[in-house]
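The chain that follows stands alone, in the form predicted on its own, written as structure tokens.
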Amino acid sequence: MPEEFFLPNIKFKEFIRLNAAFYPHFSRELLQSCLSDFDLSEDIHLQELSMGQKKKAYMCFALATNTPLLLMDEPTNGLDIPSKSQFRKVIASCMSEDKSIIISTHQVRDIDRMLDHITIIDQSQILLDQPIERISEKLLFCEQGIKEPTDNALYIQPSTSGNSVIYSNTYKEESPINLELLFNAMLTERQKLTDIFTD
């Protein structure tokens, strides 16, 4: 599913009829479930939709193809806040053990709670390639006041409340992963963070 795509000047049900045959495991049941979650129907005319609506319709079709691997490039671009919430619900409901969805995005906050593996790439170079569980096991993410000590921090970034900080997770505490902070840390303190994952 590319970030930019063309949809023909036809009704969605005609688009489905013409294209579903190319996918042997196409699921009408999954299509209807996705359309329902996005408040869409097969009777919509593709050229009369906004960009965000077109993206949702195309996403419904892509998920209904039931392929074992689905690649999505910037799927949340063009979606408003309620649609992003719908997107997370739709993706979560479509996941299973025999499917993988690879999402390339700069909008990490739109998808951070859905991931089970993170790969960070910069200038065609892989900076990090780890499962979420291992990142949580090795790193502690926290917000601290501006005057709180940050001794032994691996990375510090100013935030509205003081500092966003990454520490080595010495005591195996649980913390939500801040993907934006992790990305910035990998760009500037790559060796420090890489060393954490090599033991």
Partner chain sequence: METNSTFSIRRIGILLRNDICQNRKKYFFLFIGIFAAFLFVHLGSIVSATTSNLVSPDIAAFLFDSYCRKIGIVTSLMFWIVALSGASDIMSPMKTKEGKIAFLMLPITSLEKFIERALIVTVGILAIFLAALLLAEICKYLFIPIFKVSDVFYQSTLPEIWDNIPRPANNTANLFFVVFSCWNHSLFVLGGSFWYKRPFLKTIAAIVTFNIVCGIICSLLPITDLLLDNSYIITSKENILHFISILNVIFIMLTIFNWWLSYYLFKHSQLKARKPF
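Residue numbers count along the first chain shown, from 1. Treat the numbers as computed from the prediction; the structure is a model and nothing was measured.
A second form of this protein, the form predicted in complex with the partner chain, is not displayed here; the remarks below concern that form.
Contact with the partner chain in the model of the complex holds for none of 44, 49 and 52, as no heavy atom of theirs lies within 4.5 Å.
Residue contact check for residue 5: one or more of its heavy atoms lie within 4.5 Å of the partner chain in the model of the complex. Looking at residue 10, you'd find a heavy atom of it within 4.5 angstroms of the partner chain in the model of the complex. Using a 4.5 Å cutoff between non-hydrogen atoms, residue 176 does not count as a contact of the partner chain in the model of the complex. Shown alone here, residue 58 lies within 4.5 Å of the partner chain in the model of the complex, counting heavy atoms only. Per the 4.5 Å heavy atom criterion, the partner chain in the model of the complex is contacted by stretch 22-30, the sole one of 159-167, 22-30, 135-143, 35-43.
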